[in-house]
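The chain that follows stands alone, in the form predicted alone, written as structure tokens.
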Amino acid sequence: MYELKFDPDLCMACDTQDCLVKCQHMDIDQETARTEILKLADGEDSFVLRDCVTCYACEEYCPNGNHPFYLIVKMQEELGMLPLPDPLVKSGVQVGIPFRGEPVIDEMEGTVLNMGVFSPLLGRVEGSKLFEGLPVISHDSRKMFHYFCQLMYLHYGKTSVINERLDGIIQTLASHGAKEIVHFHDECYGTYTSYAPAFGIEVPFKSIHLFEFLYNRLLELKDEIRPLGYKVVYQRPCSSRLSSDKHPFVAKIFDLIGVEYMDREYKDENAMCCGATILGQKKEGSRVYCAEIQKKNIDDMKKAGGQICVFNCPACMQTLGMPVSKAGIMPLFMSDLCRLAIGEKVG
């Protein structure tokens, strides 16, 4: 029903083939990169489909905004090369189905907060000055899958599942009537500002990235900020590759709240994913490779001298939070770090 907007001519004219040349998980020279991406554009098989770990990074590396990652995932499905074992795909696809009846549609105006599938984390939001006056679309965790952006299924090689369900999710969000929606998880932001336009799916509301919202809210509360003085490292999630124009807000927030943004090898465009999605992939050696990636990340944080590791993605926090803590570095969500800066306690 929905078709990916991908232009092979842009790849033919590309001077860099950065999408694949810069990949951290495959060693590909420029000539091979051009050949393989054009094979995919023609619907042909490529080793890229089997070796891709679905880290999203090529979507950021592409200098032409031509959506190479969405193309790879689309072709994984069309050629039957799903990165995860079939039983995991079948059970995972069932998880994201909206259930337990229809959500309550409260009429809303202005700007609202969408927790997506993370409504169990509402306690980190409600009661904080940061989110004062920002209505939450739904408090009912039983109905959270009605607001689940579905982009997780890129890791499953299943664009068909996203495309089948996404319009209904968008209509549910839009039915509340708000014109602007702040998304707690930037994967939701990436869904509505990157994925949906790439597939021609209409989104009738404006999306606001959480970090942009936090930065602007902190400016309003500037007189209450007390510089924290911590040395912090940042674990950038794969979904951030879909909103790289918002990534500079990380440094801007850290500067505003008086923490030192420590330099890592795996920082900014060279960020290394948390490895969560690789763990279950069917490619031989995936578990060992996942463990290696996690060790690289944590060793890098320690080498950088981080006292606090700031997470954006709840899934990254779930994957790396405990190992980071055991390494003597405190894991915190960005919103929690901002709360500390304005004198609030974080449980």
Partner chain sequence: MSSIQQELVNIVGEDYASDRREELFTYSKDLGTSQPLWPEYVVAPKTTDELQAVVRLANETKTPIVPLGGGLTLAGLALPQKGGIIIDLKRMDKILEVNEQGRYIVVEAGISHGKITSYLKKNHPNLMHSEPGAPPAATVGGNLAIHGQGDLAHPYGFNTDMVNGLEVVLPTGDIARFGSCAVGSGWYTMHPLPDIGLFLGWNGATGIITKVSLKLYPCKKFRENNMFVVENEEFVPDVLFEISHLGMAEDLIATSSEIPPMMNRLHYISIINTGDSEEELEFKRHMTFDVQLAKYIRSGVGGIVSLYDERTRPQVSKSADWKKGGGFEYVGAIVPVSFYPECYRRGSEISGRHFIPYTVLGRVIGSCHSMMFSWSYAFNRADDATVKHARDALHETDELVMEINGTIWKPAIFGQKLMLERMDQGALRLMKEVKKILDPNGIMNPGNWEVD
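Numbering follows the first chain given and starts at 1. Not measured: the values here are computed from a predicted model.
Omitted from view is the form predicted together with the partner chain, to which the following refers.
- At a distance threshold of 4.5 angstroms between non-hydrogen atoms, residue 303 is out of contact with the partner chain in the predicted bound form.
- In the predicted bound form, the partner chain sits within 4.5 Å of a heavy atom of residue 95.
- Contact annotation for residue 107: none of its heavy atoms lies within 4.5 Å of the partner chain in the predicted bound form.
- In the predicted bound form, the partner chain sits within 4.5 Å of a heavy atom belonging to residue 322.
- Contact check for 281, 284 and 294: all three have a heavy atom within 4.5 Å of the partner chain in the predicted bound form.
- In terms of contact with the partner chain in the predicted bound form, the residue from 222, 231, 100, 206 that brings a heavy atom within 4.5 Å is 100.
- Think of it this way: in the predicted bound form, the partner chain has a heavy atom of just one of 179, 139, 129, 90 within 4.5 Å, and the residue is 90.
- Per the 4.5 Å heavy atom criterion, the partner chain in the predicted bound form is contacted by stretch 286-294, the sole one of 49-57, 24-32, 304-312, 286-294.
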